[in-house]
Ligand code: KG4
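Quick heads-up: it's one chain on its own, the form predicted alone, in structure tokens.
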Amino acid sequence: MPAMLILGIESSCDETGVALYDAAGEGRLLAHALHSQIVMHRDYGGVVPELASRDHIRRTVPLLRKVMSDSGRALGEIDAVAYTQGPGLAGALLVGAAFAEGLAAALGRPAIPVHHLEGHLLSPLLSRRAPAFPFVALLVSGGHSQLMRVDGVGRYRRLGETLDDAAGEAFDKTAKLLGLPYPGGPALSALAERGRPGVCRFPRPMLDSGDFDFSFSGLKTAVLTRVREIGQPDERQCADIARGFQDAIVDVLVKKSLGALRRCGLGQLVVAGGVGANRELRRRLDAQAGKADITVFYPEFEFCTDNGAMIALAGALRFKAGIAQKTAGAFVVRPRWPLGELMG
């Protein structure tokens, strides 16, 4: 079977990702490369948009060369170029979009604008142990917490979403309260592993709301109140606070996810996005799966954060389905782009 090669480019925030995916047959990832800007932004305590954009300019061509070399393929063999159109930082998106559209035009190939969250949503399909449609997806990242029913490519129905802070955002903000280094989420999760269960118990926002929406802003405030009560928490107290905070978020995510599965009458749960790498969340979901007739799927750890492979995959699936292809040329980026606009 002849190859059907889709190049994917991701540049929505602080990671530059490039990947090459062969959409022929069952599909397979041929090569991918990623550069993270964590070290560059650490001194500022967060992402600096202008620095992020400039770094994407520096990194995209070398990453493309590496991917093509690792795959053993030539640029002329590419059948389409997929890229992140949004949401994300406007300047960062422009770098990836302009590069992708220019390359597609030079090759005389179509361009495929991809929604960043759709990439995350479909990323577990990159794993050898992949789900089949339909499934419920828990999408948890720095800016998003959503539960979706996924019936196929482009066929999504929102079941619930965050009303304020997303889970990843709450992790990052709480980490900052505890004086942890950037990026805060992984640092807080590591600290929580040393905390004692039950010592610090925080509220479980909307745990019994009867719907599938989330709210984590109040939980962050509860942590702030506890820190102020203690004054200057020592290392052990910080670990206990981190454990209590993480347990609260995990309790909510697990209960809402299982409830969504029951409501939809489905037995497959996909967990995607940066928070999907959280080990406690995975442990708790796997434990529940062992008690019920459900199966939980996760992307590989390397595909939990932003990456080019998920964009190449989403582009490949859209290319095969004949969805959202365009002739390379004029383009726009969409820093704010509700995933609901893709629902069908």
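It should be emphasised that the depicted structure is a prediction, and the values quoted were computed from it without experimental measurement. The first residue of the shown sequence is 1; numbering continues from there.
Not on display, but discussed next: the form predicted together with this ligand.
Enquirer: In the model of the complex, does C304 have a heavy atom within 4.5 Å of this ligand?
Expert: Yes, C304 lies within 4.5 Å of this ligand in the model of the complex.
Enquirer: Does this ligand get within 4.5 angstroms of any non-hydrogen atom of S189 in the model of the complex?
Expert: Yes, S189 lies within 4.5 Å of this ligand in the model of the complex.
Enquirer: Whether G244 contacts this ligand in the model of the complex should be assessed with a 4.5 Å heavy atom distance threshold; does it?
Expert: Output for G244 is no: heavy atoms all beyond 4.5 Å of this ligand.
Enquirer: Is S141 a contact residue for this ligand in the model of the complex, using a 4.5 Å heavy atom cut-off?
Expert: Judged by the heavy-atom cut-off of 4.5 Å, S141 is in contact with this ligand in the model of the complex.
Enquirer: Have a look at G185, P205, G86, G160 for me and say which one sits with a heavy atom within 4.5 Å of this ligand in the model of the complex.
Expert: In short, G185.
Enquirer: Looking at D165, D240, D172, E118, which has any heavy atom no more than 4.5 Å from this ligand in the model of the complex?
Expert: None of the others qualify; the residue that does is D172.
Enquirer: So which of 196 to 204, 227 to 235, 128 to 136, 270 to 278 is the stretch with heavy atoms within 4.5 Å of this ligand in the model of the complex?
Expert: Flagged stretch: 270 to 278.
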